[in-house]
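Next up, structure tokens for two forms of one chain, structure 1 and then structure 2.
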Structure 1
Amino acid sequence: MRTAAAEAFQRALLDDDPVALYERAPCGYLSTAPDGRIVKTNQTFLTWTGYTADDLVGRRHLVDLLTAGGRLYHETHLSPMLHALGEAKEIALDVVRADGRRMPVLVNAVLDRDAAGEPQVVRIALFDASDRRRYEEELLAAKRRAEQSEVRAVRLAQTLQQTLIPPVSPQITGLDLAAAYRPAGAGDEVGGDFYDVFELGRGEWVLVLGDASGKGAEAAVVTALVRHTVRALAVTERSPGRLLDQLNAILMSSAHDRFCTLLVIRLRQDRQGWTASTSSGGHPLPFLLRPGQRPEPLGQHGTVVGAVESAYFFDTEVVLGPGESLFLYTDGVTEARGDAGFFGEEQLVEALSRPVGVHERVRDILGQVLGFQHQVPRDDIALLAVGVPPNPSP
């Protein structure tokens, strides 16, 4: 129908027939009196709607052809706009056909006035918007499906992430251990920070702190892969550096292109006390805290895990005496942004210099970083602190 009208319009252009140009235009034309009474219509509009000229001209008003919502919009917006501005463009309405079905249209209208400025006639062009309306409905439906899929993915990722963060820090005989985790934003965003603490045998434990790239389900999947792979490798590989090297090879051979920073610390108890072997895969180094001394980073930086095949990692070993501890953190601490800029390593060192136990230390630093960002962190925050209790006073 619309194709035939367009072809007739093109022929009329060639023949320069004004009547045909009006009657067979590829859009509907209506002329109404200032009060909305229809005084003229073209054949295209009649064909679209199923009315005859006798049904409309002099008998019906424009609002009579609109849905209830359209009539309300006409009275509150379209008519006032025409009388105030003299025109209205691309107004989306539904015209009710003679058989009761709705036809989506886009309306352009102008109000002609006489020399004295009095309204004379409203000229209206209506364009069939059926295809556009279907496209918009399909687009909206696709958007809803995508939102539902995203909600399901976030829920899945949150569930997966909850299994990767120990709900309670384990009790280690002869050591104090404290941990904290805070996701970015309001707490509903799934990030890549994670930590793990597990026992290998009597007097032997492994601490892991990492940050997988990305957000959402993909980060959670990489986190799960790294966590379980580290646990498996730690059974046979005593060197944290060699463990990271094997993990790097596994990630490089996997199908995804994700990577992570990772800090692995192996703790073992012997006659000297507790010995910590640590290695960093592109992760911020842990701080060694000794009473009366300035906090110092421990170890050397290695490459990010899963980023390049030619990776390198270093082992660093230290004996922890009474009152000494290690503090591990993710970059959500030092890169926290507040009104004064970044939280930074200098402020972290100052906070670490307070002579407190590991539990109070973790609570204090988490509180400072959150307060620095008005309680809404822009990145995940994960903290781990482990230390040898001080000797009791004589």
Structure 2
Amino acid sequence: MRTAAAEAFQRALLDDDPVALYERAPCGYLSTAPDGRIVKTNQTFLTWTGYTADDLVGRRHLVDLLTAGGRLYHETHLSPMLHALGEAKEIALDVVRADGRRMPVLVNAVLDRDAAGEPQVVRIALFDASDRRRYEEELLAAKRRAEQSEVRAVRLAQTLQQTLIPPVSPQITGLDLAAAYRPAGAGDEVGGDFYDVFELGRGEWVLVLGDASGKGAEAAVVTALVRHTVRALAVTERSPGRLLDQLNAILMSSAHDRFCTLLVIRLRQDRQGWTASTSSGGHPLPFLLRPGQRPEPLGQHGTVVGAVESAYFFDTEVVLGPGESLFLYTDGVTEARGDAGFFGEEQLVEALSRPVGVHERVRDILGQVLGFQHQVPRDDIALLAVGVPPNPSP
């Protein structure tokens, strides 16, 4: 065996002289003058392309063997690279064979210069890339499809999002109302936060602000269901707490594991001014803002809506006088994370202590929370502020 192996080694060594190495290399070789005129080629290239040496040497330029697009690519990329850098690697081109069919190749090329630095010869190695190119084309097509799907998904998410919050803040006669909404990240997914403001009758309004479980389509399903159910229930159920109780039962009986946290506030105008009746289903309590007083959370905590059968909710009433307001928010505010940790309730209370109107209030808090996390919210943010306009200064 040893002897047989040694003999085979010798034979291979003798057979693979430089000529065979060049002519029968497993890649095509072309040498051209600096202007591209072919001066030499190997047998492998001739076999692949069906040309004879006489067809090519001294007669044709490299670009003559390329497709029109390949020629443009050669002139705008390959040739500049060769002259500026001395080499070009892994360039994908099609060689047009003698029979007119195309052969995908990968090209490596080097430009040699003479002692004076003048271009002397270009050496080109071409690799058959038929299979690879087919695969790459499939990859490219898949990539394009993925990109298109993403564009569609974003558009769908944004369209859907617009249906989940009021297109414009409604005007309530006798009240100031301001709202803001920012979905997490780059806005390519439907957020779980939502709010709604609607009129029940003359001088009677309902404010809803919540945070549905999950993200994307799943959250949108919960949001849409909750929003429309609350609207329907509010017509007959005047107590926000009992409304949440009924909503809880409906969510519990739905097939999916859907829940949300929710604030429902009913505003009623009477002779004293505006009475607000509020109930929280597992949601951060709204802040009652009174001039000259520290912001205070209003109401009592109830359970998350749609999570347990034995849920409980409480109603709390307050009369809003001139200059007084309520501020509703989602945990995207307090749990906003920045370089210095969480935004937190303390910072929110401090921010809410500024004596400003509801519109500036919402702008101010949104600006602070976005600034806190470099303008890219990690979670959705929903803000709603409603207040009785202050009496005109005497």
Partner chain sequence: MPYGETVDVLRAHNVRDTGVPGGRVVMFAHGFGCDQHMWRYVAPYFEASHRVILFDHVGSGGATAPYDVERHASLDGYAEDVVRICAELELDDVVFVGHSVSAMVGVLAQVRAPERFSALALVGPSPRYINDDAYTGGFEPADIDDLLSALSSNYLGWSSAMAPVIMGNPERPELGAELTQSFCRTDPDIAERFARATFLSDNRSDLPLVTVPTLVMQCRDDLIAPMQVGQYVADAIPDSSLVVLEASGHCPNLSAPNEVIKALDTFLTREP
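Rigid core here is just the name for the largest C-alpha set that superposes within 1.5 Å across the two forms. In this text the structure is predicted, and so the values were computed from the model without any measurement. FYI, numbering is relative to structure 1, first residue = 1.
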Margin query: I need to confirm something. Of structure 1 and structure 2, which is the form predicted together with the partner chain?
Written below: 2
Item checked: Core-superposed comparison between the two structures, R354 Cα displacement 2 Å or beyond -> no
Margin query: Once both forms sit on the same rigid core, is the C-alpha displacement of T76 at or above 2 Å between the two structures?
Written below: yes
Note to self: Given a core-based superposition, decide whether the C-alpha of D245 shifts by 2 Å or more between the two structures.
What the structure shows: no
Check: Where the rigid core has been superposed, how far does the Cα of R37 end up moving between the two structures, given in Å?
Finding: 28.0
